[in-house]
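Have a look below at one chain only, the form predicted on its own, in structure tokens format.
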């Protein structure tokens, strides 16, 4: 992170500014990836006018970084109208797309609008593996062609490789493909539970041996030795540090206007169809609760030897039942980095969790109820 960005983040944190927002335009998609956590049906997406109004509100609230994602963003016919409006509000914009609908005309438009970067998920360099994951024949070839078009225009492209059992041995090939195309390569070993709380897709997570291979690979991490050092427990500074940007300088907005601390932290915190974005950001009881949490408030993590170095995600912990608790998936990553297991990890191995947690199931129903209310509100307005 550059010193300028660090300064921006520090000031945003100090002044309570939502510096970064991910906005999902739709959950609809032309792929059906086996690991996707989304419901791909349209339950009443925000209209073009609603999204433009939200963009105005976010700009006024101080949002600078805007990630536009989905689903597949280009499934919306008004995508470029929205993108053009967002650029007019001077957001620094990153797009997440599978690239399949990016032809020459679309690539030219993206370039002309000054998008900062485009992230494309590539699961394997082998078509038979990638296409089996997306369930769309020919999808790898189409995504690669889109990357070539964007790179030909000088657009910064990020190739994201989500690691799972189907492609566990292919990340070397994807990394080489990224180098060939002039794209940045990132790897993500995290499979996220479904938005309704269903945890069955976590069976796609790779095993401990594969995680160790990734985290101790110097070509991927940049410094394999640091991951082999014995973990150090948290000091006083770490105990009082902000554990994550979620709810502090960043948040997520769904296609239905629901606001959450993060896309991986589905704690319902308000809806922009019923409240102003700035009011939700400032006054939401849920966001205030998230902001109140420090490492020292986490009974298990504050005592763990990995506490100072763990990349614990509060959203994953929340999906496991307690936002103040540890995340099993992150405990696995810490073990992969250091070779030293935590007490919580050993306890969890001895007592596996259910496929669906009751707490998350309840909040999945709350989410569905919010969407239903939003649809009814929109239908009433259209009929008025």
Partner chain sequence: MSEKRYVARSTAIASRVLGDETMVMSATDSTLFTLDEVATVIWEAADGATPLEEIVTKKVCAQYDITPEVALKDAEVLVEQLAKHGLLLLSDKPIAQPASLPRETP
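Numbering follows the first chain given and starts at 1. The shown structure was predicted, so the numbers you read here are calculated from the model rather than taken from an experiment.
The protein also exists as the form predicted together with its partner chain; that form is not presented, and the subsequent description refers to it.
Enquirer: Residue-level question: is residue 278 within 4.5 Å of its partner chain in the predicted bound form, judged on heavy atoms?
Expert: No, residue 278 is distant from the partner.
Enquirer: Any chance residue 88 has a heavy atom within 4.5 Å of its partner chain in the predicted bound form?
Expert: Judged by the heavy-atom cut-off of 4.5 Å, residue 88 is in contact with its partner chain in the predicted bound form.
Enquirer: In the predicted bound form, does residue 114 come within 4.5 Å of its partner chain, counting heavy atoms only?
Expert: Result yes; residue 114 sits at the interface with its partner chain in the predicted bound form.
Enquirer: Can you tell me if residue 344 lies within 4.5 angstroms of its partner chain in the predicted bound form, counting non-hydrogen atoms only?
Expert: Answer no; every heavy atom of residue 344 is more than 4.5 Å from its partner chain in the predicted bound form.
Enquirer: Under a 4.5 angstroms heavy atom criterion, identify the one residue in 50, 56, 42, 322 near its partner chain in the predicted bound form.
Expert: Filtering the options by heavy-atom distance leaves 56.
Enquirer: Just to confirm, with a 4.5 Å cut-off on non-hydrogen atoms, which of 27, 328, 65, 335 contacts its partner chain in the predicted bound form?
Expert: After the contact test, the surviving option is 65.
Enquirer: Out of 309-317, 162-170, 200-208, 78-86, where are the residues with a heavy atom within 4.5 Å of its partner chain in the predicted bound form?
Expert: Selected range: 78-86.
Enquirer: Flag this candidate site as yes only if 4, 19 and 92 all have a heavy atom within 4.5 Å of its partner chain in the predicted bound form; otherwise mark no.
Expert: Result yes, every residue of the spot touches its partner chain.
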